[in-house]
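Two forms, one protein chain; structure tokens for each follow separately as structure 1 and structure 2.
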Structure 1
Amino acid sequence: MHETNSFVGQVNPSVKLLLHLVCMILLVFSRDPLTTLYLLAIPVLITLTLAKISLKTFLVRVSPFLLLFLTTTWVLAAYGKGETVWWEWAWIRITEEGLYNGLNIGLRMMAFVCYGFLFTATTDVTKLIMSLMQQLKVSPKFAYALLAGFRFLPLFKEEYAQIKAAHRVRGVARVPGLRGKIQGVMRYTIPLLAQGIRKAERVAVALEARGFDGTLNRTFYHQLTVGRRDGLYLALLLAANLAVLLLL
């Protein structure tokens, strides 16, 4: 589901992608958790206001990644560099400096996730691929292949269910234990990959026949441009990030 009617949804996908990457690089310059928290607030606020995504959707989609925040913070707090020991047990040694770094980097990870979510939630994949070709001059060979790849994913889920069912119909016995697990993985992976390759070949021939491989000078039905809106988004994001970094 993509919220593409909002302000952020209308921003050119290539511009958005590059801008979000720049914001991530800026995040790395923040050395204390509080600053990182403020920087994290920027994509969150944009998601809830300019991107018109409801708080509920945001929480549902981002909350699973709290696990990442917790493990990152925990690892650095318990095993990080530091002198001031707060608590020690077995091989765990929680230090003040470690917790400080852990919070900073955990929050940074969450900000990376939020920029990623803001991007995927407001960007249509087809438009992204079109924009990559038109604005960033990515080769159509790669771009159309990628588009087809994304479109194939739901098909592979079906394929997987089919292979499983086929095994059951033929009464392939499951071997218990670790060996059985490994056997099972190979049993599903190989047919899945072989099917993937065959499907990919068919699509490649079809796309090639229609000149989608960059050998013909094809025009685009979706014309994407860079305009005032993109400039505005750029100014907003950079101003907010730099303001937090330099002033707070």
Structure 2
Amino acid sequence: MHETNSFVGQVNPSVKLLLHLVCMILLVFSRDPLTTLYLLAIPVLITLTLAKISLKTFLVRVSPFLLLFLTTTWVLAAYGKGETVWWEWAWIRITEEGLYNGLNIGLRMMAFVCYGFLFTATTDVTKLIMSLMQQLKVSPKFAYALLAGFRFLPLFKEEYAQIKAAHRVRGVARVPGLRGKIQGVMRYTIPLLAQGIRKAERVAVALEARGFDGTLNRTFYHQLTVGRRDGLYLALLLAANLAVLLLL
């Protein structure tokens, strides 16, 4: 997660998070594929224009989910319930109702993915945590634990590379095939967990040493507010979704 210098990137993270969740809920009320397709177009257009994310980056990040879209559509189209049969062979029975239902659910799922990508691609994780505590009054205990979890992910990658290099230097033999991969997972998991516990203890001690008590009665160096930009984004997104749902 990182912030971009764009209109969507400057929106308050809590406002953006709640607004995207509301838009996802509105998607549930769409009953036909065409309406869902128009609703899907909204986050896509915002990503390419107001979020200033290139088409190439968007396609690279979202394309892995196309397989899930195709699988969902096919399963519901071939094995779903319906009266109007379009094609039938063996146990496969494609009906008009099943295909429409499959397309509707598949497009809805892709819209969820696009809203999720739009949020993660335009949001700084530190500002998100600060906003959760300041605007949504989330307990600092949970908020800082979440922030520490996000910060630990890249460190785990480095630790994994170091452990792997250390095993290679010591001449640990790699067994080929699935058995070797399972042994590798077992060999790397325990050292990674031990390092994670040590780091978590150090962070906890550092927080307590600086007077952290987990209460909400604290001041923040970075103050996040809700302003006109957030209201404009909220009005734009809600108006677009409601217009599609009510007019189509």
Partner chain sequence: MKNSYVVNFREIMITVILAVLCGFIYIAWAPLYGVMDGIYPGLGEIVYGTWFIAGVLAAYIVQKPGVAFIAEVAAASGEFIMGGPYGLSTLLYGVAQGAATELVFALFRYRNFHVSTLMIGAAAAALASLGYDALTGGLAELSTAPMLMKIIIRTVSGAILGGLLAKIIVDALAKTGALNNYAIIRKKMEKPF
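For clarity, every value in this text was computed on a predicted model and none was experimentally measured. Here, a residue number simply tells you its place in the sequence of structure 1, counted from 1. C-alpha atoms forming the largest set that superposes within 1.5 Å between two forms make up the rigid core.
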query = The form predicted alone: 1 or 2?
reply = 2
ask   = Does residue 65 move its CA by 2 angstroms or more between the two structures when the core is aligned?
value = no
message = If the two forms are fitted on the core, does residue 190 show a Cα displacement reaching 2 angstroms between the two structures?
response = yes
task = Note yes or no: does the Cα of residue 200 move by 2 Å or more between the two structures after the core is superposed?
result = yes
key: Core-referenced Cα shift (Å), residue 157, between the two structures   = 2.8
